[in-house]
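Before any questions on how it binds or moves, here is one chain, the form predicted alone, in structure tokens.
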């Protein structure tokens, strides 16, 4: 066992983990943060995307010990209390989800995209989400949801 200390969604945790434990399993099993989904265990689908020190990572191929001393943000930490993040609101308003399984990873990847490119074109949104797979939609409403969030965030920033 290895002891790690990590800040997840603003809260500090210290836990003993097996050196081979994946970050996704640490989040789900030890911290009960089940919004991060396990879709493939091969980094192909993106359902497990979280932010590690502000950068999108696929937690199914990141070891928990790699997060020692780091800050992790999951889908549960994106909202501000009861106020949804503009991306969460956008997926709701623009019907960017069907079954919802890929949605947390899509939103986390999109948040990283908007952090680096606050006004992306539709092509840039599609490129920014290339590592995320949705099996239900044609992606059109996902792009609309990200565009909605970008527009809303730019208005909020301009105020």
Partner chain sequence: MIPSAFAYFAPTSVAEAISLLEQYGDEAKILAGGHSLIPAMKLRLAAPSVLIDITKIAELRGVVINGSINIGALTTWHTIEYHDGLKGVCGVLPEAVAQIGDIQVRNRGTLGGALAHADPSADATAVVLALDAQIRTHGPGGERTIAASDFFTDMLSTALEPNELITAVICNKLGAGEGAAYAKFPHPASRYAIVGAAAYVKLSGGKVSACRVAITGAGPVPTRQAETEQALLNSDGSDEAVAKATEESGTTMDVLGDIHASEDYRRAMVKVYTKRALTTALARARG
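Bear in mind that the values here come from a model prediction, so they are computed numbers and not experimental data. Residue numbers count along the first chain shown, from 1.
The same protein also exists as the form predicted in complex with its partner chain; that form is not shown, yet it is the one meant from here on.
- Taking the partner from the other structure, its partner chain in the predicted complex has no heavy atom within 4.5 Å of any heavy atom of residue 122.
- Looking at residue 27, you'd find every heavy atom of it more than 4.5 angstroms from its partner chain in the predicted complex.
- When its partner chain is considered in the predicted complex, residue 131 lines it closely, a heavy atom lying within 4.5 Å.
- The shortest heavy atom separation between residue 19 and its partner chain in the predicted complex is within 4.5 Å.
- Residues 41, 42, 43, 49, 52, 55, 56, 57, 58, 60, 61, 62, 63, 65 are the ones in 38-65 with at least one heavy atom within 4.5 Å of its partner chain in the predicted complex, listed in sequence order.
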